[in-house]
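Next up, structure tokens for two forms of one chain, structure 1 and then structure 2.
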Structure 1
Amino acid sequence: MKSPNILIVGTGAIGSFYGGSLARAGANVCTLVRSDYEYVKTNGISIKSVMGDFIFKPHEVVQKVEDYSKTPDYIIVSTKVLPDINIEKIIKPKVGKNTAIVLIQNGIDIEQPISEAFPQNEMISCLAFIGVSKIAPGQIYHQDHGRIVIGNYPKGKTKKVEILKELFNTSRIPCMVDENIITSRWKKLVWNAPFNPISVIGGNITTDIILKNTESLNFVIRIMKEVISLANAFGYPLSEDLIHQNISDTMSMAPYKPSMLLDFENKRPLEVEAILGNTVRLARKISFQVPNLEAIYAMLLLLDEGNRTYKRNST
């Protein structure tokens, strides 16, 4: 099999780790890098991982998508899902006839804008279950887990999905194909909807602190129940067994700062809309009551705005 050409758009913690893993499996991986461009071009990306440390040397490092020398078989988008990041515009110059667009991103109901912009291109939606962070320019720390779930959007699987799965598995990343990937997105939201916002709203706290407090644990459970009920209302069947499973899995993890908390601490914009805003809007669309989700959405919007204002005023 010919080694696929892969362009990573969003070379932060997620893009670097999974891009490096795909490169180790034999793919020709190019990275779009902006702030760390000179460092990565010279040194590559150093990945300290519980699965073994390695240096990821991309085949090409570019600052603009247009500078990539090939037409990619896959464009992997691993940016944050933020209103001011126009993914369609960024990737358009390198979306070829046979390019599959791969989203490794958080959130619910995030695929449609890109699918509408490139209706003839295959779209693969991916969910990463991993503890990984960027600790310095070109420096990634993989702390825990790493498995990934992929599938065609809105459903099904294709040869390109199977090839991507084999590449991940070859690189020792456990990868599963889910032909109903939107259901899997709702499943992940069961964890993301409570833990990401509460870690920020609760005063910069890790997952273990959230679970040790009886009131915050009950708050987590109420949010999870709302997500599960909403998913079921939209025809994506989820069981409340997911609540115990998610809490048990989180308790077994090392104390962990969710990605939203890391963004908040570093004065970066938060994925409020992708994780909470879209969820609340879906609920309102069918007049479904989600009072806990609405409450944390409102509070997080204020904290995010305060964070952005502080950054603007201090620069």
Structure 2
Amino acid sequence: MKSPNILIVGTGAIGSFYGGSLARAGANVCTLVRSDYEYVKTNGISIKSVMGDFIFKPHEVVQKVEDYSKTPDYIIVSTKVLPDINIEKIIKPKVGKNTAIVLIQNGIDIEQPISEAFPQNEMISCLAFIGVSKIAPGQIYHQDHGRIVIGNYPKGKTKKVEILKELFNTSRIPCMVDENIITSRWKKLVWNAPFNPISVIGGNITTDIILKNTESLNFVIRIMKEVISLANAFGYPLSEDLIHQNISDTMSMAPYKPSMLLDFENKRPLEVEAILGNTVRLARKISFQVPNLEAIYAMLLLLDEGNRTYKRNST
């Protein structure tokens, strides 16, 4: 498989950047594009990057998955994780026997519904550590980092994981294989679960404000503790040292707006379910008490709801 066929579903900032990188490394990349279809088909996607600018001309651009001419070796899903995006339904027409489904998305337990829909297919779960945003139709700005961690779901690594890693590395994207990718998702959640929601709930504030107030700092710590305990309850070993490490790392960072706050300010729907809803539902399933996570989940739902309603009203 020298030039694998890759279909990108969700050609936003993440999908465009990693898709473009894989194409540069030699893969045949097709992008599913909705609103910017005409623009991207004609012009490709222009990527302004700290690693050097480039134009990503996909081998194919389709508006519907069915229109893709090939059966993909990989389908890379890089949409946001939102209740009204039904990934299983979108990708179904092109999931072949040997298609690996790759998720480059946020959240916890997001693989589960897709794995259930395609039990025979290989799944690869990824964590992207990157600062990238869409600035206009077909225009992506990659401003920071780019590291990606990949591994099979629920665990291990296959040949397809190795091939994907080689492609990323060829394109100078630091890629690490992690045979315990779920543990790493939980580990990322230790930061995400407190800081993303509190930046919104606390009144559109940056990380430094959250850390400066003793009560909210202690609240962050209590949430982190719950995430760690819950992960451990599910058999993913995380140490409480992560708390101190995450807090001190965040303290030494410049004041930072978590991505959820950026979404909120731009009236975009928040990944409430992927980050908090799935977490509290896992806890409820085993009757594990997570009152702090439950509290921010309930508050964030109200804020997300109001934010979307307001958007609807104002358009």
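Residue indices: 1-based, along structure 1. These numbers were taken from a predicted model, which means no experiment stands behind them. By rigid core we mean the largest C-alpha set that fits within 1.5 Å across both forms.
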| property | result |
| --- | --- |
| Correct structure when looking for the form predicted together with another copy of the chain | 2 |
| Of 68, 182, 247, 110, the position at the hinge that separates the two rigid parts moving between the two structures | 182 |
| Rotational displacement of the minor rigid part between the two structures [degrees] | 14 |
| Inter-form CA displacement between the two structures at residue 258 - rigid core frame, Å | 3.3 |
| After superposing on the core, C-alpha shift for residue 210 between the two structures in angstrom | 5.2 |
